[in-house]
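Next up: just one chain, as structure tokens, the form predicted on its own.
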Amino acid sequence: MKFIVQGLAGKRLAGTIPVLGSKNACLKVFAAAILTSEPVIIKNAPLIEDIFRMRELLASLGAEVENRGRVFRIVAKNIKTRALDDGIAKSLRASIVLAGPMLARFGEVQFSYPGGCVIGKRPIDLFLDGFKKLGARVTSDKQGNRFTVKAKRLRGANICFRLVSVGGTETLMMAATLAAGRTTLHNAAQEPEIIALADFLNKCGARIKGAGTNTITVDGVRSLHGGVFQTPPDRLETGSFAIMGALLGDKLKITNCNPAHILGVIEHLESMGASIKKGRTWLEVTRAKKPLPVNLKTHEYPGFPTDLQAPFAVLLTQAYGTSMLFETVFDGRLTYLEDLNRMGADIVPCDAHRAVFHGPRSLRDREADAPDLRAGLAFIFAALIAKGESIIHNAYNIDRGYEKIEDRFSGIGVNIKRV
């Protein structure tokens, strides 16, 4: 699958584009359903590839997963295996979070390194170290690629993350809900999705305090019951559309969102001269006639999200002056810049984490492969400001996080089609 995108040739994007449910929040509640034998209902789920892969992974474990539109019903009463399916897990980075609920409820889980996209083979030592501190025994195969984790019952512990980890925080928080005693997570991630997960677990009988701060306490209980989860709006989709508006928008309205979740992004866009109006559940974005340069440094929430760094980089190519981009969260996340340079951008890589942008530069059409979810969207943005017709291959990577993007973008003036 590929996308064919026509440059806008000076036209602007206008109209309204709604935000769908949060991919990252929804995926973690899919995993949390393993903690109980009772039904879990998830509403407002985005119909994207990562959700479909998580559905397949739960089904492979023996869970019953049904959906009608955006409502999923999961019953994990008859789990038949303790091993995560390698084939499915390697297509989904969030598969690792299933390890916590599996271990907590069944006392054993087997898994390999998670997959997803090409942003390096992210280390899982934070997860394994956390399991050990909760009293589990961790073994691996000779190659060190497949792990078996066992514990009769997890025990509460004090755990301090060496690095802030969203997945680590969520996984160990879920594992601790059924552990004996109190678990305290220090240097925890603070993303809104963690608050949403904790609130849901508490409604199911968990005892979690401090979600949304850097210290979370969990008093373990014997069991959890089922519940209903209303998926919140996707803040990364909100930020993606806001960046697109700052790049090409003429009163582009973004609805069904929570602007309070992307204040760092809004601040950067306004610093570049974009006009942004906001309400409780909407944003209206208009591009600056002459975008100003800005220095960007990614950071854990509430800082600028690493997941929006690539789309923002396209905006930096159009700024009048010199900008600096500093990626602090992940290695290997700037390789897409070579393709932007081939399209005509003037970007000077300094090292694996930093690059200098000189602008503005006119971009030209190009064929490119979407290397990951967010860089794939960035290539669509670049194609919109380029002259001619661009082709973005590997549409699957974009489909992992953005539902039917060609239909939704067509509604605001984008000439894009899927082939």
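Predicted, not measured: the structure shown is a model, and the values here were computed from it. Numbering starts at 1 and follows the sequence shown.
Below, we refer to the form predicted in complex with a small molecule, which is not included among the displayed structures.
Chemist: So the small molecule isn't shown here. In the model of the complex, which residue out of Val166, Val75, Ile276, Ile347 has a non-hydrogen atom within 4.5 Å of it?
Modeler: The option sitting close enough to the partner is Val166.
Chemist: Counting any non-hydrogen atom inside 4.5 Å, which residue from Phe200, Phe127, Phe111, Tyr336 sits next to the small molecule in the model of the complex?
Modeler: For this set of options, the contacting one is Phe127.
Chemist: All three of Pro123, Thr306 and Leu373 touching the small molecule in the model of the complex at 4.5 Å, heavy atom to heavy atom?
Modeler: Heavy-atom distance to the small molecule in the model of the complex: all three under 4.5 Å.
Chemist: If we take heavy atoms and a 4.5 Å cut-off, which stretch out of 328-336, 285-293, 245-253, 263-271 is in contact with the small molecule in the model of the complex?
Modeler: Answer to the contact question: 328-336.
Chemist: Any chance Leu340 has a heavy atom within 4.5 Å of the small molecule in the model of the complex?
Modeler: Close contact is absent here: in the model of the complex, Leu340 is far from the small molecule, nothing within 4.5 Å, heavy atoms only.
Chemist: Does at least one non-hydrogen atom of Leu27 fall within 4.5 angstroms of the small molecule in the model of the complex?
Modeler: Contact check for Leu27: yes, within 4.5 Å of the small molecule in the model of the complex.
Chemist: Quick check on Ala104: any heavy atom within 4.5 Å of the small molecule in the model of the complex?
Modeler: No, no contact at 4.5 Å.
Chemist: Looking in the model of the complex, any heavy atom of Leu236 within 4.5 Å of the small molecule?
Modeler: Yes, Leu236 sits close enough to the small molecule in the model of the complex that at least one of its heavy atoms falls within 4.5 Å.
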